[in-house]
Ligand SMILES: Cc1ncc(COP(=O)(O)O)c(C=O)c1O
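Quick heads-up: it's one chain on its own, the form predicted alone, in structure tokens.
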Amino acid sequence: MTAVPDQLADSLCYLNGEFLAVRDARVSVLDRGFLFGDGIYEALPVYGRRLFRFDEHMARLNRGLSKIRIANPFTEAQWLAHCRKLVAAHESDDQAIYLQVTRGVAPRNHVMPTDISPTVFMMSNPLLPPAPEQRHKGVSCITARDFRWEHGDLKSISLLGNVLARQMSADRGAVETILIRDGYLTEASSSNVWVVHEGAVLGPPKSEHLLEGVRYELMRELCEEEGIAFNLRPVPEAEVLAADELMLSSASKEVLPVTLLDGEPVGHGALRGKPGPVYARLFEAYQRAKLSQSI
């Protein structure tokens, strides 16, 4: 039996109606999540033991489950109660709640069975934000062709394409791989990507090729609050490479400046290779949102 890492073994998790230590959690080898990656997941940030944008995460979970024909096993109130129990059991004030719903256990067959109960798993880990130096200096990314499947809009547990993409940047000492499909920006391996051009924040439009991150709507709200123009439209690769500023957003990164892309500094003039003013304003606005949008 593969050992559970010591730092996780005693953590409380939830599995199919029971709260138990991670070391004691067991899933059948016939679970379709294990055999097919047949499931949906969510990751919810927790600040000061309060869940950030919980309703938006639940809405995305519902969308994903509906698209792959799994009935949501819980009401929103039940999800909230389970999340809060995990948060209370964890020693960290800032956490990341991971929840996963698979189709369940059945004989191996590609056809979706209709008479099984979904497998539900939840756990919490410390939330590990970017290091202060990364915020101060920005981070390095690379670009690559988006070779993943056509349903990037699903927060599917079938993440091999994203894993391979992220490893490409890890192998080069970078923090993310920014993906380009047919000459246009989609997203990064585990982040949304934002381009700043002449003071405006640009992002690719919502489509089946990219995940609508919970921060998608949040970035629009923050830009509106700060009086920054915000536009979702096709973003050519050339605009990514020539950006005034580049930013990543995700549950763990919040909003993070990219200052080196494919080995070249991002930006122009005195700010070339440095975090820019739009990032600085959005980062501060994000910190205010963490206080006002957590429950």
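Start at 1 and count along the sequence shown; that's the residue number. In this text the structure is predicted, and so the values were computed from the model without any measurement.
One more form of this protein exists, namely the form predicted in complex with the named molecule; it is left out here, but the text below deals with it.
**Student:** Any idea which of 92-100, 114-122, 130-138, 211-219 reaches within 4.5 Å of the named molecule in the predicted complex, heavy atoms considered?
**Tutor:** Among the listed stretches, the partner-contacting one is 211-219.
**Student:** If we define contact as a non-hydrogen atom of the residue within 4.5 angstroms of the partner, is residue 251 a contact of the named molecule in the predicted complex?
**Tutor:** Yes, contact at 4.5 Å.
**Student:** Hey, in the predicted complex, is residue 34 touching the named molecule, heavy atoms inside 4.5 Å?
**Tutor:** Residue-level check for residue 34: no, no contact with the named molecule.
**Student:** At the 4.5 Å heavy atom threshold, is residue 143 in contact with the named molecule in the predicted complex?
**Tutor:** So residue 143 does not count as contacting the named molecule.
**Student:** Does any part of residue 190 reach within 4.5 Å of the named molecule in the predicted complex? Heavy atoms only, please.
**Tutor:** Close contact exists here: in the predicted complex, residue 190 approaches the named molecule to within 4.5 Å, heavy atoms only.
**Student:** Heavy atoms within 4.5 Å of the named molecule in the predicted complex is the criterion; list the residues of 124-157 that meet it.
**Tutor:** If the 4.5 Å heavy-atom criterion is applied to the named molecule in the predicted complex, 124-157 yields 148, 155.
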